[in-house]
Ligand SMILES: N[C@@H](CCC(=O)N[C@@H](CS)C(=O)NCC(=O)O)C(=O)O
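Quick setup: one chain, the form predicted on its own, written in structure tokens, and binding and motion questions come after.
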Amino acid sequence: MTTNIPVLYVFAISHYCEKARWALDYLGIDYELHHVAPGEHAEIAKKLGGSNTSVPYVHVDGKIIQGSANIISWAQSQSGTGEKRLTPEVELELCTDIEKRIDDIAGVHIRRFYYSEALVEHPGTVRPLFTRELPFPKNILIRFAFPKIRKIMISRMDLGKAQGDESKDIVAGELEWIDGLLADGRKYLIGERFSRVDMAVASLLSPLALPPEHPVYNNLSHPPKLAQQVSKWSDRRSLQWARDMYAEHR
């Protein structure tokens, strides 16, 4: 068990960070939430001994746990085998496969689809989400540094209209896949109770589902073309299901 309070480092805007945050909340882990600024997050991760610089990560007992999936596993190890256990008791391989696919494909391309319009064409809608919950001095610093941050993100994330269109098509295919998993009317993706795979899929779909229970996306404003597409997808089984998962478990 932990001997000091874990610190969870996040970007408010990140759906991967939401996945980790939801897990800690759901499992009743006492933790300190630390919003970090772009650039600062990499410096902190390196200082703490991280093998990469991406958020989310947890620092506890002198060690760093990186990545939302690893954070869920760590949180589960701290919470024991209580009623809210997130690791399913059946079909563990299928659980791992679905969670990895949602992390590696849908989560990545939802982010790229969003940023390819929001960050490229409407950067003023993005900056407040990066400065949200930051201390005032850091907030001001990010405001001044944002043009440079934006340029770096566009390059590193390969953003643009063509890239956004490509990601939109990939996301559409992944929604079709999730719709298929749910086509038999099941409540949960695996087994008869809420598990980490439901949390993973719902949290990574949340930028499209916009559930009221989400701590950030409950009032997220999409840029025009993305908003139009999300409206067309809104009644899909997968996004309705994600909203249901939030309503019941978040």
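Note that this is a predicted model, so its numbers are computed, not measured. Don't overthink the numbering: it's just position in the shown sequence, from 1.
Although not depicted, the form predicted in complex with this ligand is the subject of the following passage.
*Looking at Asp103, Glu166, Glu133, Glu121, which is the one with a non-hydrogen atom within 4.5 Å of this ligand in the model of the complex?*
It is Asp103 that has a heavy atom within 4.5 Å of the partner.
*asked:* Counting heavy atoms only and using a 4.5 Å cut-off, do Ser206, Trp233 and Gln240 all touch this ligand in the model of the complex?
replied: Negative, none of the three is within 4.5 Å.
*Since the chain is shown here on its own, which stretch among 23 to 31, 188 to 196, 46 to 54, 207 to 215 would lie within 4.5 Å of this ligand in the model of the complex, judged by heavy atoms?*
It is the stretch 46 to 54.
*Close approach of His41 to this ligand in the model of the complex, 4.5 Å, heavy atom*: Contact with this ligand, yes.
*Heavy atom of His109 within 4.5 Å of this ligand in the model of the complex*: The answer is no: His109 has no heavy atom within 4.5 Å of this ligand.
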